[in-house]
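Have a look below at one chain only, the form predicted alone, in structure tokens format.
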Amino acid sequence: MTKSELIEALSLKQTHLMQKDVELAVKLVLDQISNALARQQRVEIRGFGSFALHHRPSRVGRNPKTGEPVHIPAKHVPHFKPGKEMRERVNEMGQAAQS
């Protein structure tokens, strides 16, 4: 599901809201999550999951074309950990689809 598909689905469920308002709400939520991660804060949404940063240390990689060693600097990468309710819902849906 893309962001625009999410906005459309929410707009169809919340008919009392204009699509522009739904679009703004989705954009603001995503911006707040991104800003918190940029400040190296953890974001937890109960029942959904949490967003945190994982540190990747520097390492030596290889250029795939030349095989030359390349230094890759250390960095932080966003990581999502689903909450218990989401894991259970996904597992239920997966098991129902297999039946």
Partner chain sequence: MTLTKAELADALFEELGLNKREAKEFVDLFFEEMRTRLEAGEEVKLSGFGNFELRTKNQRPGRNPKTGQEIPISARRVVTFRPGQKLRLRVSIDESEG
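Numbering follows the first chain given and starts at 1. Definition used throughout: the rigid core is the maximal C-alpha set that superposes within 1.5 Å between two forms. None of these values were measured; they are calculated from a predicted model.
Just so you know, the form predicted in complex with the partner chain exists too; it's not on screen, but the next bit is about it.
Contact check for R62: every heavy atom lies farther than 4.5 Å from the partner chain in the predicted complex. Taking the partner from elsewhere, G47 is found to have a heavy atom lying within 4.5 Å of the partner chain in the predicted complex. Among residues of the shown chain, T66 is not one whose heavy atoms approach the partner chain to within 4.5 Å in the predicted complex.
The partner chain is not shown here, but in the predicted complex it comes within 4.5 Å of a heavy atom of V29.
In the predicted complex, the partner chain lies within 4.5 angstroms of at least one heavy atom of each of the following residues of 42-68: R42, V43, E44, I45, R46, G47, F48, F51, L53, H55, S58, in sequence order.
Comparing the forms between this form and the one not shown on their rigid core, the Cα displacement of L17 reaches 2 Å or more.
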